[in-house]
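Single chain ahead, written as structure tokens, the form predicted alone.
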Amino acid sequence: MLNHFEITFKSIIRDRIFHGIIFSALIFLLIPSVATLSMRQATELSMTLSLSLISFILLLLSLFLGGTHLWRDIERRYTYPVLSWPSSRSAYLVGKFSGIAAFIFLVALLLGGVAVLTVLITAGIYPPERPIVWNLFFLSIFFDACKYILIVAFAFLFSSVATSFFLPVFGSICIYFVGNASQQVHDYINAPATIGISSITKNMATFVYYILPNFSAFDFKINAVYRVPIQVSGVLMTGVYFVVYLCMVISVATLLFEKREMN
């Protein structure tokens, strides 16, 4: 598994996508100028734009790498000589996934450093009324990366059975939108003011809610921007949820990949 991890990580580093990420980091240079348009909340706007830009870049990475990496190796028959090594298909899939996950964490760390400089520049121009809580800022970036690693896991799940890149890519996009909306839909259906929905529909919606990922649990941008404290128990619950859900998706992906016929 370590060999597959190392090969995957190095291949991504050598790929043009890494240079594209470095170039996209230049967009952060425009954020202080845009943030200064709001003189009263320049720092808050700078943090919001920085976190949103990081989230957007990580989304593109998770869709591109997760949706095409495994499928491309199968399509180009790169997997056939690799799977002849004395290692299982599960080790191959988990190694490739781990390489992509480590790369996403690395990109989140690099972009987070650039975002810190951006916020500091903005705060130097228009000092904020309240001090910046950096641990909330980094916590938001960390769990944002966790969210997109879950999307990569779903992309690998779809790739383990797909014969084209359409299912991994568009399936991951659907998971992204559904995961972001699942909490709102659940709250709406189960709200006391909501009428006209049968108990069967509510039970089915609740069942689907617990199966689908809840990406709202990973969103701490509001806490970071407006210094809203987070309970330690909430952070731990989100971390446990991430680990358990990730293990479940990857386990199903490896099971399907083990049974897949390679023609």
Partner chain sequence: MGGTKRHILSFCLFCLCYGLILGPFVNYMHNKPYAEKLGVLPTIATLKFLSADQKLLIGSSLVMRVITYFGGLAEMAKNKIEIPPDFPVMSRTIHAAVKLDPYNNDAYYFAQSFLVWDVGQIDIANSLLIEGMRYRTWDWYLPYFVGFNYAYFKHDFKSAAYYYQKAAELSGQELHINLAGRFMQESGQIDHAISYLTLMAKDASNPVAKKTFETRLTAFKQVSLIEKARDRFTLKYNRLPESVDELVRTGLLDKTPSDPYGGTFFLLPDGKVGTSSKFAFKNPKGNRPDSGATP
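Please read all numbers here as calculations on a predicted model, not as lab measurements. Residue numbers count along the first chain shown, from 1.
Absent from the display: the form predicted together with its partner chain. The rest refers to it.
- Using a 4.5 Å cut-off to its partner chain in the model of the complex, not one of 90, 98 and 214 places a heavy atom inside that distance.
- Its partner chain in the model of the complex is not approached by residue 135, whose heavy atoms all lie more than 4.5 angstroms from it.
- Using a 4.5 angstroms threshold between heavy atoms, residue 190 stays clear of its partner chain in the model of the complex.
- When its partner chain is considered in the model of the complex, residue 226 lines it closely, a heavy atom lying within 4.5 Å.
- Taking the partner from elsewhere, residue 148 is found to have a heavy atom lying within 4.5 Å of its partner chain in the model of the complex.
- Residue-level contacts in the model of the complex: of 103, 165, 126, 142, one residue has a heavy atom within 4.5 Å of its partner chain, and it is 126.
- Between 174-182, 103-111, 116-124, 152-160, the stretch whose residues reach within 4.5 angstroms of its partner chain in the model of the complex through a non-hydrogen atom is 174-182.
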